[in-house]
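Encoded as structure tokens, the following chain is the form predicted alone, with no partner shown.
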């Protein structure tokens, strides 16, 4: 199969320093974080709804185990293992994560968000405006 190269456009800055610290579903928490976008991509932020809505942040879970194909759902050992494609585990062949977060504010190339469960230093590979009609 063909391989693809993904280059980060920014990084997550968060109080969460270790994967064990991360909530299982960040969208259900009030966890706040910053998305620090590389200044080269500053023009790409034009038009984001500052403080008015949600955005989708796509990250590369750089500390994930890419060799794991089965996990205990939500890390609960008492539950039987399932294939990673049937879970939201960060451990998967291509550890891409989607975070639907509330955009609180933008200061230069720093986005302040709520509902982010990625740990500090997580590479951000894309940002998309959330569309309730399309994204549910």
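Residue numbers count along the first chain shown, from 1. Since the model is a prediction, treat every value here as computed from it, not as a measurement.
The protein also exists as the form predicted in complex with another copy of the chain; that form is not presented, and the subsequent description refers to it.
For residue 82, a non-hydrogen atom is located within 4.5 Å of another copy of the chain in the predicted complex, even though that partner is not displayed.
Taking the partner from elsewhere, residue 30 is found to have every heavy atom lying beyond 4.5 Å of another copy of the chain in the predicted complex. Another copy of the chain in the predicted complex is not approached by residue 102, whose heavy atoms all lie more than 4.5 angstroms from it.
In the predicted complex, another copy of the chain sits within 4.5 Å of a heavy atom of residue 9. Of the residues in 113-128, those that come within 4.5 Å of another copy of the chain in the predicted complex through at least one heavy atom are, in sequence order, 123, 125, 126, 127, 128.
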